[in-house]
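Encoded as structure tokens, the following chain is the form predicted on its own, with no partner shown.
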Amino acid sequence: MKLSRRTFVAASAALVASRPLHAKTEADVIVIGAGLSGLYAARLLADEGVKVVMVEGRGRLGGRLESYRHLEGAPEAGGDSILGGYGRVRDLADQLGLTVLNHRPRGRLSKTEIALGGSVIPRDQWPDHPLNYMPTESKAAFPGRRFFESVVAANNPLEAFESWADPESKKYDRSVHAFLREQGWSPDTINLNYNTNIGRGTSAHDCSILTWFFRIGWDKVQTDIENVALKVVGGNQTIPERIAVELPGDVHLNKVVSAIHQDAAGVNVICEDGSTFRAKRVINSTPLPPLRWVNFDPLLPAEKAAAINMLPSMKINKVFLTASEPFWDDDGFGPGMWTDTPMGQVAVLRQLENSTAVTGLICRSRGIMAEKLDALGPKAAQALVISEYEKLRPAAKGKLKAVGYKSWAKDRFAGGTWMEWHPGQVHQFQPHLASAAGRIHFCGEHTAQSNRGMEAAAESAERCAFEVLDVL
């Protein structure tokens, strides 16, 4: 049955009601975290007749899928694209009766400007510009991640992207900086094409090139299957919300887990408000940063605890802007920009189902630039982004308004977006992320080996559900 928006919102609101404090719930499985991974695992178990109870620290469903429905077209503060090879997620959206829209062609409707050193650099001036530190043979190329990725793709030693976790790949687990120096890149070239609007980590020094070998191969598979960037009409957050509506078990929101105690017969999940839930097994889909504050009794295995405590998460901030009028028609530049300022990379949003009209702009700041915005706080950060945009584009002065802000590092239930890998960490910690600890099983994108993003969340949910079914 396909729910109407009105029916769906009412059903979602009903999930917020929780049982009285100190209530003890008996279930087969408690799933911690009502994001895509946790809810999909719960759905799989419930389909097999398993009694599932869910607890979620937030007052909403979705985890790192968060759609800003107060804005036109419901742009994504979290995961924004369902790619061609997302077989599990695409099948799930179809099962739930959701409509998806391909945004890939819309991304090509506006050109992105280069803005460095305090000004927009016209494309015809870029090849000879003094800030152009591109390799000699690539002076006319657009700088940044896409150019960097082309170099990685041309020098990727992995025959298959899945082999990044094989012992033989350990020799490639070194820094991006070391790899790029081997390609003959100068420090200025590395700073321009990697550290500016960084894709992973905070600098070329603290990110493993092995993760890029995996990602580039994985990205190619996605586009080879189908070159799309799909989004659920109404927001990607609708996927976990719809799962929750159809889930037969209880979903308890505003339940922040503080401790997980297991014994020979079961597991107690204890929340900050004093409420306790008990089951035979637990599936924990919590991202690593907030998992560090959970008291485990008995303690987790040393290798697993070290992975939880040491692996970083990517810092990304998003600022959403609307324009009172199309000022870009006045100055002749496209509204999207690739900048070296705290506003990062500005993309054009065209979020409507039946129109390609511009619905707003989204500024993505990553790594150190995201940290700078976090230090200011949301209000000052949004003001700074508008100020930086107006400096580069005087025609925009007084015509931009900040209408949304998200810092994933400051979200206590996330602590960042996806998990990152420093050089040398992949083979040290990856085998321990997905391993069960007694009656506690772990899922989430950080535990997947063959996928990224939403598909990684779904992959890990399937693995966890099968693990639990085998032992119940």
Partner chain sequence: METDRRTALKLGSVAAAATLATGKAKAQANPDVIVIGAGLSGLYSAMLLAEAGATVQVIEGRDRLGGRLFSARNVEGNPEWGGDSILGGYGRMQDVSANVGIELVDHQSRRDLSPEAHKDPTNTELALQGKLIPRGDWPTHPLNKMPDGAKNRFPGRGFFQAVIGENNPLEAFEDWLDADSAQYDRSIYEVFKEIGWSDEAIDLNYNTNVQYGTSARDISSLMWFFTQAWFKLQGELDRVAFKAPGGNQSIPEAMAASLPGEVHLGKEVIGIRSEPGQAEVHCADGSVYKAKRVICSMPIPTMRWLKFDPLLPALKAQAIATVPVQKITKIILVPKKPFWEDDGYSPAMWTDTDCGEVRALREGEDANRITCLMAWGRGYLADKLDSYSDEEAMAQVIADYERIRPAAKGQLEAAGIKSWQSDPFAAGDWAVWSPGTVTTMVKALIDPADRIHFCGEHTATSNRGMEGAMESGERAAFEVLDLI
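Everything numeric in this text was worked out from a predicted model, so none of it was measured. Residue numbers count along the first chain shown, from 1.
The same protein has a further form, the form predicted in complex with the partner chain, not shown here; the description that follows concerns it.
Remark: none of the three candidate residues (112, 322 and 383) comes within 4.5 Å of the partner chain in the model of the complex, counting heavy atoms only. 368 is the sole member of 368, 100, 352, 158 with a non-hydrogen atom lying within 4.5 angstroms of the partner chain in the model of the complex.
119 is the sole member of 183, 254, 268, 119 with a non-hydrogen atom lying within 4.5 angstroms of the partner chain in the model of the complex. Shown alone, this chain has one stretch from 127-135, 70-78, 230-238, 90-98 that lies within 4.5 Å of the partner chain in the model of the complex by heavy atoms: 127-135. When contacts are judged by a 4.5 Å heavy atom cut-off, residue 340 counts as touching the partner chain in the model of the complex.
The partner chain in the model of the complex comes within 4.5 Å of no heavy atom belonging to residue 169. Under a 4.5 angstroms non-hydrogen atom cutoff, the partner chain in the model of the complex lacks residue 107 among its neighbouring residues. Put simply, residue 331 is far from the partner chain in the model of the complex: not one heavy atom of it is within 4.5 Å. Residues are counted as partner-facing when one of their heavy atoms sits within 4.5 Å of the partner chain in the model of the complex; in 290-313 these are 292, 293, 295, 297, 299, 302, 303, 306, 309, 310, in sequence order.
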